[in-house]
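This document starts with one chain, in the form predicted on its own, laid out as structure tokens.
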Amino acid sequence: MNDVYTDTIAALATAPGEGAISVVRVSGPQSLMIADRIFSGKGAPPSQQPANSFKHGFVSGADGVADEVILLLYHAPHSYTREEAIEIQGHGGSAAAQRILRAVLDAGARLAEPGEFTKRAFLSGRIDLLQAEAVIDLIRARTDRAAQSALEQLSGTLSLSFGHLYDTTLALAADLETTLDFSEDELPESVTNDIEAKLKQLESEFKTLLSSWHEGHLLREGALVVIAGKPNAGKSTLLNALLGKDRAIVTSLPGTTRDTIEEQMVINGFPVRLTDTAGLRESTCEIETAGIRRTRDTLSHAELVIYLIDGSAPRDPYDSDQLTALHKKSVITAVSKSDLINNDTYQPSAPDQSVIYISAIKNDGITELKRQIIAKLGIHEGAHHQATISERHRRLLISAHKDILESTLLLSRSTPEPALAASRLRLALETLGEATGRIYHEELLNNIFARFCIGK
């Protein structure tokens, strides 16, 4: 992973627009020489200054002085990329930042590609691929809980877990390879039994790590929670009550909502994609029918459905039919307008269906509804903020786990097949290596770092 770059890259590391400062980041072998060309200030030129120091002065380009700046100097390997690097802090604003960047590019740097700084940090061995992915997770984190999980991964917590799986698999593969030097009658049965037992323990550790995917998925993507029910059941009013603002139009006319409305909210540190939908009913209106189709499509992707029943209206078998159709989904049955109920208490149609009574207008039952959302999503309140695997990690773990299982089966046969079992473990090692970046190819890196912004 010690790829040596001969070119020097630069990019604006702060968001465009007005702000207190802008930061232009430069990394590569020509960084200090570029600083000598464009920077003027008191004392020796930047290339002769000590590492990890800063200087006040001016950056100049072809058009004269670009800005008054602070120049930060990093000597290899004590930088983010382990290369020679500088950071130029100038005044905020698009014009000043672009003038500094243009001066740097004219002096010999090239514009960095998305994520190239972090890619160089990975290729230099400063961080592994799991930690590199944590950088983009941290940038995109929408809640404190997601940010803390990303920081845990960036600190190497997840790398240690994958490293343990890799080292254990490697040791078992080596043990199996050793047994191939013995004939079947020379090898004590206890040897293969011991390896088989260790493989079964390894399988359990794979399952433990895989179990963190659900939480990681919710933190990164947000849970899709869909509010559904008949027209005029109070879906839009409930959306507004959960959000704490008037987002959806509310009228007494059935069918006001003709399309899905999605908004973000945070419950217990987890982002939730809360979606209001068109009311479910039989309709001959072409526009309303299109909205109902979209509702059903949204329901098919929902991780949780809040099915709303109008508590002020006579009970309708249609609601029971819709709940039956949703039996494969995680559902909270909510009876709305609880302050206006004038019919028999609604009873769930299935033993595992929970029913909650709410009045969105009076904000009654909203706190309990949020608590049930957390419970139904499988989120543990007050849980430790831990690093969690992503979808990429999950796919690789499942593949490696499958090879571990196959290796165990090959050893547990009446006539063990250690050679085939060892080959399966080698496949598992390759897969685990791809997760951490011990094994990588250019397409993999391009797919990962293309998600980054320029300057990171």
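This is a predicted model, so every value here is computed, not measured. Residue numbers run from 1 along the displayed sequence.
Quick note: we don't show the form predicted together with a further copy of the same chain, though the next part is all about it.
At a distance of at most 4.5 angstroms from a further copy of the same chain in the model of the complex, all three residues 63, 102 and 154 contribute at least one non-hydrogen atom. Note on contacts: among 162, 74, 122, 270, the single residue with a heavy atom within 4.5 Å of a further copy of the same chain in the model of the complex is 74. 147 is the sole member of 171, 224, 377, 147 with a non-hydrogen atom lying within 4.5 angstroms of a further copy of the same chain in the model of the complex.
Only one of 199-207, 90-98, 312-320, 228-236 lies within 4.5 Å of a further copy of the same chain in the model of the complex by heavy atoms, and it is 90-98. Taking non-hydrogen atoms only, residue 445 never approaches a further copy of the same chain to within 4.5 angstroms in the model of the complex. The closest heavy atom approach of residue 356 to a further copy of the same chain in the model of the complex falls outside 4.5 Å. With a 4.5 Å cutoff on heavy atoms, residue 40 does not count as touching a further copy of the same chain in the model of the complex; it lies far away. In the model of the complex, residue 19 approaches a further copy of the same chain with a heavy atom inside 4.5 Å. With contact defined as any non-hydrogen atom lying within 4.5 angstroms of a further copy of the same chain in the model of the complex, the contacting residues in 421-455 are 453, 455, given in sequence order.
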